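Single chain ahead, by itself, as structure tokens, in the form predicted on its own.
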Amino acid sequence: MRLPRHAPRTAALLAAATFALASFAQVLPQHSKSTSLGVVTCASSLCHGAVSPWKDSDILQNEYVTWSRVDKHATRAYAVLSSERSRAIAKNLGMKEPPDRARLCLDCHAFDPPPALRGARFKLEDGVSCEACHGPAGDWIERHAAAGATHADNVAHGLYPLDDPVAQAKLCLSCHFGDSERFVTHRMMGAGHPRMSFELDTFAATQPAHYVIDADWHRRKGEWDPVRVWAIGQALAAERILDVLLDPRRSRDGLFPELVVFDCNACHHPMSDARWTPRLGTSPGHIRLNDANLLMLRAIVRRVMDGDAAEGFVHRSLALRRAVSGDGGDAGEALRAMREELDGVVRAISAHRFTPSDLRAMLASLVEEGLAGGYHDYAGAEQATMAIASLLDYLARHGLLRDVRAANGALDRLYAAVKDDERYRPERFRDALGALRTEVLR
């Protein structure tokens, strides 16, 4: 079930761009110098450990119970490191430590602060714990419950601002894709690690919510726009891919580039299955950049930037694909130019108030991109499916779809077409997009 949608507040809109700029410098929880106290500190029935929500409380008070019982980030994230598959991955990688004690695994499957910053009640076995997302609590836990405490004051003392979509995207992507210190490589996937698949709004909406975005939430924290969350998530995911390619420490693995940022299915398919088509924009046999997030951004920038700037972005994204594949142009120059531009795209998205017209236009653009052959690669189709689902959901919840049943049926066909990446067929996905255009966008 998705988060509740509420009308945006003008004051929050005016502050959005400034807040987004501040979030660029926000310290991620794993880099904090504060002491981590452990989830037991939050688990009292008088704090966040109530069995059921409190009546007339501004917060639910049962956040710990929701997290510990049904959230996959909890102890199960750590427990999976003791599985047979995890041990096999570690063995294949030649790791000296078991996965439940190796930093390579713990950095994402648990909250793993330095031992000197672990309080007496901290437990690594708690997995991706409260402090992994909300920040080590040593400097703010007493303040946040005090009379007159404000959210801004809590953030100033180390609470991580998950209400800001830029900060949220940075944190989520640091595990679900990687950052300068932790990163799921092609070598790790070759050893048996699952393929990383992530889209911020979809994954956030499918998590068991331990909060409610209501009038009190808006009063304390400002506006929440799930469409903006989706758009910012796309921009920051694209930035992370370019960061890998631009970082000489991570962009190569021996003689090869770091293959995890390229399209998997360009290589992983039977030789008898000819996957190349002129629509891909590269020559046959050339490895293709996984630019699925940039494909999504083409639809977004046309609504948040002026016409010339938006078309310039589209042109440069196509040029980047060709340059990285070796089909013309300087790849390093194209990467640096796009990486610099993406920071401006994030700021433009943060300051933009998305309207129903924007949503319909982006939805139509995503569909037309696919019908023109833009989602020949699985990653693009997967991202497009989640994006279309998010946009349709928002339109349906606001009574802006004529036929919700038809939209759900069309969406089911899209999901069926991307259910299995190893059996993905672009023509089947285009057929599903065509049905969606006919039944929903007519």
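Nothing here was measured: the structure is a model prediction, and the numbers come from that model. All residue numbers refer to positions in the sequence shown, first residue = 1.
What comes next is about the form predicted in complex with ligand HEC, which does not appear here.
Proximity of Q168 to ligand HEC in the predicted complex: non-hydrogen atoms within 4.5 Å are present. Within 4.5 Å of any heavy atom of ligand HEC in the predicted complex lies no heavy atom of G329.
Within this chain, H48 lines the site of ligand HEC in the predicted complex, having a heavy atom no more than 4.5 Å away. A residue is said to contact a partner when one of its heavy atoms sits within 4.5 Å of a partner heavy atom; N154 fails this definition for ligand HEC in the predicted complex, lying far away.
Three-residue candidate spot C42, R85 and P194; every residue lies within 4.5 angstroms of ligand HEC in the predicted complex by at least one non-hydrogen atom. Figure note: of the listed segments 350-358, 311-319, 71-79, 239-247, the one touching ligand HEC in the predicted complex, with heavy atoms no more than 4.5 Å away, is 71-79. Though ligand HEC is absent from this view, in the predicted complex it lies within 4.5 Å of a heavy atom of just one residue from L295, C130, V345, V229, which is C130.
Residue M188 is the only one of M188, M305, A323, L363 with a heavy atom lying within 4.5 Å of ligand HEC in the predicted complex. Residues F203, A204, T206, Q207, H210, Y211, V212, W217, R220, K221 are the ones in 202-223 with at least one heavy atom within 4.5 Å of ligand HEC in the predicted complex, listed in sequence order.
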